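Before any questions on how it binds or moves, here is one chain, the form predicted alone, in structure tokens.
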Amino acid sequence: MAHAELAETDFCCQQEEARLAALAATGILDSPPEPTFDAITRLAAEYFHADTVLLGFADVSRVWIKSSWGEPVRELPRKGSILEMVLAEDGPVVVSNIATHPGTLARRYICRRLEIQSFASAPVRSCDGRILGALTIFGSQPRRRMAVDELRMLESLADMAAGQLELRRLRRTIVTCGPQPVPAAKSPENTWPRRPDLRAALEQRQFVLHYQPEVEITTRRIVGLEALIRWQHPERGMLAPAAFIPAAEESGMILPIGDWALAEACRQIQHWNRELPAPNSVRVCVNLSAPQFAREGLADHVEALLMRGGISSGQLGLEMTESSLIPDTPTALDVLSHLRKLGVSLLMDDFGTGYSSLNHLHSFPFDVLKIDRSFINRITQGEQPLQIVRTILELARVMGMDVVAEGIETRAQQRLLEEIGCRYGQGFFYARPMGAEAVTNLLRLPGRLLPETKPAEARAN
């Protein structure tokens, strides 16, 4: 064998070793089912009307199937597999009719008992671009050539799987290699605030709402406001939610505090309706805690608040994280359906951080999703983080949902989001959370257009 051929063989072996090491770092092989990956295959099946969808990862000698839709498959030989073709092409592979395709594909592929006559496969890559697996849709009949936008959608779903794979790797790295927390010493300071402190704060009206604008990215026009609770403590000053919300959840005070925040937001909407011209009314979004969401009669409570204040249902939005929905999915679906009938906006907050966000996005009647700030913070750090956000935008478009990008802090982030078609955003690049009086002044501006300001350095809401 010539020296050049030996060098090329060594290089290929090194590349394969690096690929297998990246695959091993994810811990994906032989792992139990995970709702996020199952949701991706289901969404691919529904979007492409596919008979079978496989999300698989290539080991040394096998393709291990992490998730399947249609015909159940667990493992396939790697030799001669479609995933091996994807590796060879270093990109997508599309075959509209296996019977007429030249070479090894002249024969029909059999997926258990299902005859396959067409397929399309897109690579799932690691953060450094190595192909670890592929998302493949199969058809039992020949199909027309795949359109450009269809191939882009398939690649977007594969990129979504890659994003979840990277999050999985990061979580695994933190668990196995990260520093172990040191238990805090018990002291009076560690236990503050207690339930009596929170009860007193509620009774003495020490809680206040600040509002952060949601804007149209291209124009800086204010399209909504997120209500964010603060504690104006007489001795400790203005406290952010992180200082007291965990204690409120543990003590059971989160329900009355959350009810106060919802009622206060409705009262403020009523005030703005009186003080500002009708075209200046905007949607105010309030975060619901899990106990609020689980409470019987939530829709009736919201309807009573709207009627009491003479508020249009379109002026109120309710934000929920998926942790509010997971404990009882059938009940959650029923509650969301009743709220949707009222006409209030339903927003999934912190999208992308949970284990089954995609599943809930598909199942529940949300009309807006808010991309978590952790994704926005990374979009300037490479193509894959940007592609993940682009994929979320495409999924939302397919499902008829609006998207708000949270945590925009720099002009570079704003420009990238504008380039990939994200319409709405929120973050310190535009405005900090502020009191109602300051918001009133902004809403009086011509066209509700936020002036250009130097972005703040702080990060937490």
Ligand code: C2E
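Sequential numbering from 1, following the sequence displayed. All values derive from a computational prediction rather than experimental measurement.
If you look for the form predicted in complex with the ligand, you will not find it shown, but the lines that follow are about it.
Interface residue remark: E409 is counted as part of the site for the ligand in the predicted bound form, having a heavy atom within 4.5 Å. Put simply, F57 is far from the ligand in the predicted bound form: not one heavy atom of it is within 4.5 Å. Residue contact check for E226: one or more of its heavy atoms lie within 4.5 Å of the ligand in the predicted bound form. Although the partner is absent here, W69 sits far enough away that none of its heavy atoms falls within 4.5 Å of the ligand in the predicted bound form. Just one of L83, L316, A261, M348 comes within 4.5 Å of the ligand in the predicted bound form, counting any heavy atom, and that one is A261.
I254 is the sole member of L76, V284, I254, I222 with a non-hydrogen atom lying within 4.5 angstroms of the ligand in the predicted bound form.
Stretch-level contact check against the ligand in the predicted bound form with heavy atoms at 4.5 Å: of 161-169, 339-347, 284-292, 132-140, the positive one is 284-292.
Taking the partner from elsewhere, every residue among I245, R373 and P433 has a non-hydrogen atom within 4.5 angstroms of the ligand in the predicted bound form. Of the residues in 413-445, those that come within 4.5 Å of the ligand in the predicted bound form through at least one heavy atom are, in sequence order, G427, F428, P433.
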